[in-house]
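Let's start with one chain on its own, the form predicted on its own, as structure tokens.
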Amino acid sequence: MRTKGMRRIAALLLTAALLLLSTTAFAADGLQTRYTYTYDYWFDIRESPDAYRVKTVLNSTMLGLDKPMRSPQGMFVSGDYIYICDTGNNRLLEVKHENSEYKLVRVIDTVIGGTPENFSTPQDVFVDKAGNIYVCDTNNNRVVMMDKDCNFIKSYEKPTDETFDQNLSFLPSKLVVDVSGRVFALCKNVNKGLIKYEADGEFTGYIGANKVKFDMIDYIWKLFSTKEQRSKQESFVPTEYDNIYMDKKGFIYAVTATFAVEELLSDTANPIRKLNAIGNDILVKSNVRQPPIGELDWAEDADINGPSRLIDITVLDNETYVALDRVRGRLFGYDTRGIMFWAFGGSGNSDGYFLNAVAIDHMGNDLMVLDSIECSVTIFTPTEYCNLIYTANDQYLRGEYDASADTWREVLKLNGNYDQAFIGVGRSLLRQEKYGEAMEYFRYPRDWKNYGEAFRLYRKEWVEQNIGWIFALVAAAMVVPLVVGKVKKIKAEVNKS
């Protein structure tokens, strides 16, 4: 027990030292730019070293385009290739990353053998493992599939099923395709979830519909309204998704920007969802105090106020997911538990800022953001600080708890105010059954859930190690009064005689 006490004291001294050195670490590494941040237990912003830095910016001039991009709306990364929907020019741009350079490979503006042959306001693009290209050809009312040489294969068009209102135009805006060739599309004016097509093009229904949201007062009012009055009132319908992304395991991440502030405050808005094969939301949210909703500080900043409105999302191979906020032009990175790793970005026209960010994707751990006003793609690459965070998290998930704790300590050397590093060390120590030390690391960021678990196990371990003394004390507590009573009784009998 003495050794455990010494370890706890050492952990406290280490924590204090890291806090004292945090500002020095920021300055020494030259990483403090007031650009990247996280939130602490009290929802206060904690500045941190940069998680990502701008690697390059792709624009029309850099790509050597004769006709500049105009209002691009969609982007997809496949291997070393970037596909950009140059929506205003009714074309796709194929860019290749090779030898640290990004070069335009071709401009795709024709579907060979298709009817019509030209695109009309393409909004999104997807490329499968075979190189087949799928395009949300919005104003041509179709999702068109081409081979890698742009030869027409098939079209996915308006369902003739009675569940689709035939008075509505078919305006596909976003799509993903799974490994079996099933197409999942978002369609403007359709609020029943994702439209699902089998690989042969057959429509087979919807998945992942948002729940119906309504105001109780309006609902009661409708009960007592006439038929004419009800027809003029807004219908209670599910909200639509704004974008989707399919990860390497086949789960679909969906974001929606349509919700009331009250729903965020009550944690019922769920602006980020992870849909399984039957459309159920299985996104893990371990930190209920700070769920994955983007910005937590809604203070007015110039013309910007209110919560984040997430417009797109991407998922790295390490399962970190990154959501893009159209309100402030920021990126928010979360781990598999919904815990924020970092946030950065902003509104503006300098490198690393955006006028109208509309799409995000990744190539390796590099992040790419499409700006529809600047007509550019900003490519971010992770810093040493961010790579350490990813490494520590990956090591923990692989069961390398000693290594993970050591890497999180390296993170703390760069940022002694980073709550997730303290929690990361604590979780690793917990797995190593070093409960007393884990408690100290959980105490600083006020992670009372994990602290409580560490304390429970620490207490259990202490009891097991001291069970002999405990039984001895209990036995003594039971026997001594009996002996004392017996002695008193004998003494009393002797005195009587």
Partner chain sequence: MTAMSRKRPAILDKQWWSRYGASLRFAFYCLLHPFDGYWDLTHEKRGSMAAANTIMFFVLLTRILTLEFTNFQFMSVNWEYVNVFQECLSLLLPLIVFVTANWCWTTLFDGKGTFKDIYVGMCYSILPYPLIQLPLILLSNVITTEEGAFYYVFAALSLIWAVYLIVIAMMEIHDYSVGKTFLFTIMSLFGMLIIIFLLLLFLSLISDAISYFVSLYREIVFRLF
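Computed from a prediction, not measured in an experiment: that's the story for all the values here. Positions refer to the first chain, counted from 1.
Keep in mind that the form predicted together with the partner chain is not shown, yet the notes after this line are about it.
- The contact with the partner chain in the predicted bound form, taken as any heavy atom within 4.5 Å, belongs to 446 out of 431, 446, 55, 70.
- Using a 4.5 Å cutoff between non-hydrogen atoms, residue 451 counts as a contact of the partner chain in the predicted bound form.
- When contacts are judged by a 4.5 Å heavy atom cut-off, residue 42 counts as touching the partner chain in the predicted bound form.
- At the 4.5 Å threshold, heavy atoms of residue 455 reach the partner chain in the predicted bound form.
- Not displayed here, the partner chain is approached by residue 459 to within 4.5 Å at the level of heavy atoms in the predicted bound form.
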